[in-house]
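Next up: a single chain in structure tokens, the form predicted alone.
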Amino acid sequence: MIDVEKKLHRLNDRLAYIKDIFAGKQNEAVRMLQVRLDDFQARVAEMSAQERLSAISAMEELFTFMEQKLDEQLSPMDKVRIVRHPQRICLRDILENVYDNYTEIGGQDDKSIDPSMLIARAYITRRRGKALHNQPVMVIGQETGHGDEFRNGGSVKPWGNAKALQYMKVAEIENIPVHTFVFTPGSYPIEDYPGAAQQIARNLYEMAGLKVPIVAVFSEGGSGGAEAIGLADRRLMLSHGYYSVISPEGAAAIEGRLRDGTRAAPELIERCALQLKMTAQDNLRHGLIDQVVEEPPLGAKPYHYEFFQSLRNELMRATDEVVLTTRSFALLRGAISQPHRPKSLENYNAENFVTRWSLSTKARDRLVVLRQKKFRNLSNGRWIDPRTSFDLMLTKIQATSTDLLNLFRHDLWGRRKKQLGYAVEEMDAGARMLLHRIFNPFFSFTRELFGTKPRAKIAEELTTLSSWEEDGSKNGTWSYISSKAKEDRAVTCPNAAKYGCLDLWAPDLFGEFAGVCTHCGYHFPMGYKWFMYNVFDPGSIREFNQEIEATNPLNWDGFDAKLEQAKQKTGLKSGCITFEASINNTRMCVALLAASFRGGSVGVAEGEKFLSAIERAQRKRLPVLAYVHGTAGIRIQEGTNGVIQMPRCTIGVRRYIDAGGLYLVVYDTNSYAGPVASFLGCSPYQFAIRSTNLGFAGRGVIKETTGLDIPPDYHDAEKALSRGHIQGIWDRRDIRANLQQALVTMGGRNLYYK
């Protein structure tokens, strides 16, 4: 009887779980299970022991059969409820059942630096004959727990991501693989040091060049929080998981234009979940993950031991593939790295093979190159490029010619010229030092005897400020005047109540004053054209890749019309403008995110244009400037195709900086979310125009996700400067002079003008 009661209790739990997954839906199968279970519980007291055992076995078989049927009916939103359910497997379950031994690092439970980020040094034991091989691995992932409130549901704070990066670097020192597990709805939107955005950007930048194999497993992958540990050589995804640019509820709030915490209708949330194309099958179809790990019907739970064995096998196999791809002979590497595994390898049991997971120096370098190429090719072709094959061929020929020219000019002749110059300088310095030592006593005697300059004069020169020459600013005479200057009206400064600012006449404010309040210095938003035509040398702008056009890769309902409207309104084909220009005859590549085009949001087309600008600058040995006229983040209507631009573009920046380039970022107006948390935030030289707002998440998102009311100045440029996100705050009128100064004083080793 006790055994029957346990099984009955288990069936009630299974039914409650099914109801949670299909919440609010009228499902005939669920109703039938409820009726059959209620009927059994009503009659169980009247049955004999044998009848109870027979009936409970039949009920268990019925539940198993119906769960398989219901699994085929799951919608994307049903899968979201599966990964969020307290009965869902968590990282601790995986550590207990997939790895043979582990030690957690960095504190445990609520005493951890951040309990949402779990780090463990683990190993997997494999057998070759009678010999056992313990293969060490660093396990890093978000820990959701089974309803543990203190873990924030896997929403990691900035210092949790910093802890993850620290132990990735430890793994690199120890030359062991990293296994990351993505179980997060998104990062905790907090700007306290080191700041959510800047820490995610730092993680992406370092992972782009991490010289050990990285294998990532996605269960719940929410936007930037997922990318913080998701940049990997092999990306596996659990079959009931989701990986998305935003949660379905967040997408529904944006689509429904909801404000003040108003909740979206369930139907709208379901529709957004479907349109985001965020399931494992969708992401595999788009090429954004490498493998789907099949789960039991309605999702994996802690008692599904066969699933853990399957996950263990897939993890070992993925790690083997990464290692063998980088370490084997060239012919074998090509066969192993095929994107689709041959049928002959489907039954490959990794337990029966032992592959050494440590890499040689050459293999580690090759690993990084392969990882960077992999992400460069992700989402290829998901934008519109109307250029003909002949035009594209000419572009490639031109790029190749530039590569060859710069190979000779810089790498061959330029490097030899520098080496010769260094040798001459060293000989000259040595000769001067020798002559100084020989003749210095004579010169000292003559200076004392005759004197050349009064000592008071020398002291004055050493203690007074230098006299700077004209800095090149235009002092109110601008080449381009904003169209707002044509409005015959008075404009009130937002700081008028605080500082007593007087109203300003629009022709003066947006003309001579460049949108800057003459009393308090508040900067009004200005169009991106003001920046383009007042900062650079007249006539020096040469735009490229203007043909690349934003598109609708997920066929999101109504988005084609919205894109067309943005193109008609702005005259742009995407939210990114790329061009070459000069400041005081110093040439540079510029990538400009225009807030007027869909809020400056980034999708595949914008990511491709940004990457092309970085690669063009690397070929031509030019500095790169990213001017952020404003960005609202990653474009949600492009789903994971948009969010993948975070690691994709960051890798481009990493390659450029490693090659010796100078990468500057200047923020203007409002800049938030994915771009700031990746390819913008990873720059070592970031500046903001005064009155800019800068951060990871906006006020509404923070209120919705944390329940916290943030101070009015939470995202001010001054706050960003105080926490180290940016390195300086500039007046708009001084951008040209400040950029010119930056080019003189900063720079990578491979820039021609240096």
Partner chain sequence: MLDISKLLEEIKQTPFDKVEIVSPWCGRVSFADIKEEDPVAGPSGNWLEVPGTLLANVEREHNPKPVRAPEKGRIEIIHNELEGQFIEAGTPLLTLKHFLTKQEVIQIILKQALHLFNAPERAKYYFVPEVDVKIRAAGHRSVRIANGMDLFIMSRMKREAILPYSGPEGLIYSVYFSHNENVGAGEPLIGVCPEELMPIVEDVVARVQAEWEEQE
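Residue numbers count along the first chain shown, from 1. Only a predicted model underlies this, so the values are computations on that prediction, with no experimental measurement involved.
If you look for the form predicted together with the partner chain, you will not find it shown, but the lines that follow are about it.
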Considering non-hydrogen atoms and a 4.5 Å limit, does the partner chain approach Lys498 in the predicted complex?
yes
Is Asp709 near the partner chain? Define near as a heavy atom within 4.5 Å, in the predicted complex.
yes
Residue-level question: is Asp488 within 4.5 Å of the partner chain in the predicted complex, judged on heavy atoms?
yes
Consider Glu294 of the chain shown here, and say whether it contacts the partner chain in the predicted complex, taking contact as heavy atoms within 4.5 Å.
no
Which of these residues, Glu306, Glu543, Asp192, Asp503, gets a heavy atom within 4.5 Å of the partner chain in the predicted complex?
Asp503
Looking at Thr492, Thr262, Asn584, Gln281, which is the one with a non-hydrogen atom within 4.5 Å of the partner chain in the predicted complex?
Thr492
From the candidate stretches 709-717, 53-61, 66-74, 35-43, select the single one in contact with the partner chain in the predicted complex, where contact means a heavy atom within 4.5 Å.
709-717
